[in-house]
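Before any questions on binding or motion, here is one chain by itself as structure tokens, the form predicted alone.
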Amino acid sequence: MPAYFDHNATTPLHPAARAAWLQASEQHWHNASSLYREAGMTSQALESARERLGDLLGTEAERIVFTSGATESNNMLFTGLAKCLEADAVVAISAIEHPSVREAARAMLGRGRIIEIPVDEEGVVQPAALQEVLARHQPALVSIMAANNESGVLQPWPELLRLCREAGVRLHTDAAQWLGKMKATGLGLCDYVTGSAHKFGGPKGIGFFVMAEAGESFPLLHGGPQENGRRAGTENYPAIEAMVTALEALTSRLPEQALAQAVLRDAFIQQMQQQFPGLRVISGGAPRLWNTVLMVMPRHDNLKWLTRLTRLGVAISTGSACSSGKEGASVVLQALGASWEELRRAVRVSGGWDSTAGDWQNLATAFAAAGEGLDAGGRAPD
């Protein structure tokens, strides 16, 4: 794809991750649970990767369970809670959570046991809003994502964590969008952290779950004793090594690269607002990821924009890839009280680490060309 601006959905495999995967697949393809020498070396390499990930997150390696990704990890959390919480216990989640948190919580606990934490006009969970929920409902768990996948808004999770600590309530954060774009240091202070490798240059099908305690266990898969009995199934060491290597490689470029990319994003926004008077940038006044712009176009349905831009060689999104095609796909816009008409005109662009000034300029130019075609009502160019 000549111009890929859907990195919040998935990212291309980082070169360092690819090299790490190939090397691990060639040297340590053995089953880490077996007893012969080569298997022991694979086990040692796997535990070394766990230690390195713990260092990046600022937590003990013993708390980390390797999974297939954030969706499995989030489901593991709420499935485990459903088994151990009192029947009348409730959990609180923000109004803008990813479907893998929102739907898992509803499926495992029931809608009646889910308390929604509202966001402000920019899509941010304010400490006062969390304090009110903590005081009124005494939830057993609070779940607030670190960075939003649609708007890119950064939640003040360190302050929210402090409030949860004072109330004696555990905090879970889905860090899928934060990792690889913001510094991961300190995330391990949260009680539960979940993430997916493919969101930051690692391979698909691998992720992690940071448990509150080293001895805690919420097994979703049963069978063998892998991951200290917390997740059955042979560990995918090459993918694990590639995931950790990708995160290490991206972390080394922070924060200078993030600042440079934010300048390119803001220049794109300015040009889009000049080209399309009335364009609305969602959460434009809040701290947000350097790569993400969620826009409500002044005219035309988002699927028409997506289709025409695709034919121009540009990949964008209408919102969360995990809910695309569903009515009212933008959870963020719904939480902000957007109308159905606005939902239909929302588009998201999300760049990558290597998106250049020329890439962002070409994206704005493609939008202009697509807009001209849609206004004219003609057929999209091949």
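Start at 1 and count along the sequence shown; that's the residue number. Small disclaimer: the values here were computed from a predicted structure and weren't measured.
Form predicted in complex with a small molecule: not shown, discussed below.
The contact with the small molecule in the predicted complex, taken as any heavy atom within 4.5 Å, belongs to N74 out of N74, T292, S143, S283. Though the small molecule is absent from this view, in the predicted complex it lies within 4.5 Å of a heavy atom of just one residue from V153, V244, A176, I93, which is A176. Taking the partner from elsewhere, G69 is found to have a heavy atom lying within 4.5 Å of the small molecule in the predicted complex. Taking the partner from elsewhere, R102 is found to have every heavy atom lying beyond 4.5 Å of the small molecule in the predicted complex. Contact annotation for R288: none of its heavy atoms lies within 4.5 Å of the small molecule in the predicted complex. At a distance threshold of 4.5 angstroms between non-hydrogen atoms, R170 is out of contact with the small molecule in the predicted complex. Here the chain stands alone, but in the predicted complex its contact with the small molecule, taken as any heavy atom within 4.5 Å, falls in 143 to 151 among 143 to 151, 159 to 167, 118 to 126, 266 to 274.
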